[in-house]
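A single chain comes next, written as structure tokens; it is the form predicted alone.
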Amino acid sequence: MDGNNNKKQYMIAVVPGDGIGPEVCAAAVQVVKAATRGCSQLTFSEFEAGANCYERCGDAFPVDSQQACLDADAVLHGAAGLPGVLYPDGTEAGQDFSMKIRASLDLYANVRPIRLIEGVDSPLKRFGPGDIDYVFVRENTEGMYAARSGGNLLHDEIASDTMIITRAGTERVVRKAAELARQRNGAPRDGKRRVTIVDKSNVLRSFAFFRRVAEETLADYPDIEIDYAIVDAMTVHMVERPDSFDVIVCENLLGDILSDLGAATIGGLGMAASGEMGDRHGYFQASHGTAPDIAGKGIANPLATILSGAMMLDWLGSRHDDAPLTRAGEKIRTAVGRVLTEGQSVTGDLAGSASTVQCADAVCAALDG
């Protein structure tokens, strides 16, 4: 809503989480605050969820935190889950937070950009900045992960989980992918706007149905080229010709796996931002995990979470017709690019020696550069 100073106001629910989550989340909040100073007014309030929360109170996502996320204009998250903090069925308690927030906020599209930025060396040496620039749109509420807490374990001898693919769920995530393709400049190789449907439709009926519904949906977008890939072949294509992709749409589990492979080609998970979006809510976090082996050491790479913060500003700016907020998101990406190009203020995973705090400070300093 508008305040007395005519600046739009937003409440951001911050869920620091576990492991390195609080460190990278604090860095992202610092940068977002610096980038939005003088334009829109953002209020940040912290709430508890994740594995540490489960150990403390027996609930990985307390009711108060759930309500705060529902009421917020957006949610910014660090990371959740810790090895050994498990439910009786052996699944990670901390991961339950991510599953529940997706369901409660109906965050059906998990958007994961795969973009190689100047200053980062890709293991794919034939490709440089600008050559790898595509986006995964991962269906986020169905697929194999819909079986979470609902699978079957019979007499400790037989276990099963069920893949769930619906027409409505497929249609809406494919439309999200097509609309995103319309906003982009096409694949780096040929400039064509295209949506690549990835599945295992040659073997499984559920994936054949996903492909058919996706193809029917994309018929409403004659300006968008349709591409197809079987998931196992896709792992090869992502290494051999990543410049041919623009927007990739796929089921939940496949998108989870493939987007991590994509992250490896652009500097690792420390560069992998993500935004989980529905029609009314948005939830933003890095694609990486909690990295408990380096938690508390101050050496975690905060750039993926900072870039997720930029995605949050993009989403808020578009949703609320707030151009200054959108410009602030672009300022963050530009500043991250400057820091990476300069190369002195990056963390060890990017061949630097900076701490998490030093890296965040450098991004803030670069905002006005």
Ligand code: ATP
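All residue numbers refer to positions in the sequence shown, first residue = 1. If you're wondering where the values come from, they're calculated on a predicted model, not measured in any experiment.
The protein also exists as the form predicted together with the ligand; that form is not presented, and the subsequent description refers to it.
**Q** Of Asp232, Asp223, Asp89, Asp293, which residue is found within 4.5 angstroms of the ligand in the predicted bound form when only non-hydrogen atoms are counted?
**A** Here the answer is residue option Asp293.
**Q** Let me know the one among Ala49, Met312, Ile306, Ala300 whose heavy atoms come within 4.5 Å of the ligand in the predicted bound form, would you?
**A** Checking each option against the ligand in the predicted bound form, the one that comes within 4.5 Å is Ala300.
**Q** Using heavy atoms and a 4.5 Å cut-off, decide whether Asp260, Leu269 and Gly289 all contact the ligand in the predicted bound form.
**A** Heavy-atom distance to the ligand in the predicted bound form: all three under 4.5 Å.
**Q** Flag Asp349 as yes or no: does it have a non-hydrogen atom within 4.5 angstroms of any non-hydrogen atom of the ligand in the predicted bound form?
**A** Heavy-atom contact with the ligand at 4.5 Å: present for Asp349.
**Q** Going by a heavy atom distance of 4.5 Å, is Thr217 a contact of the ligand in the predicted bound form?
**A** Contact check for Thr217: no, nothing within 4.5 Å of the ligand in the predicted bound form.
**Q** Should Ile20 be counted as a contact of the ligand in the predicted bound form, where contact means heavy atoms within 4.5 Å?
**A** Yes, Ile20 is a contact residue.
**Q** May I ask you to check whether Ser206 falls inside a 4.5 Å heavy atom distance of the ligand in the predicted bound form?
**A** It does not: once the ligand is placed as it appears in the predicted bound form, Ser206 has no heavy atom within 4.5 Å of it.
**Q** Tell me which of 280-288, 68-76, 236-244, 194-202 has residues with heavy atoms within 4.5 angstroms of the ligand in the predicted bound form?
**A** Contact-bearing stretch, as computed: 280-288.
**Q** Along 78-100, which positions have a non-hydrogen atom within 4.5 Å of the ligand in the predicted bound form?
**A** Only a single residue, Gln95, comes within 4.5 Å of the partner.
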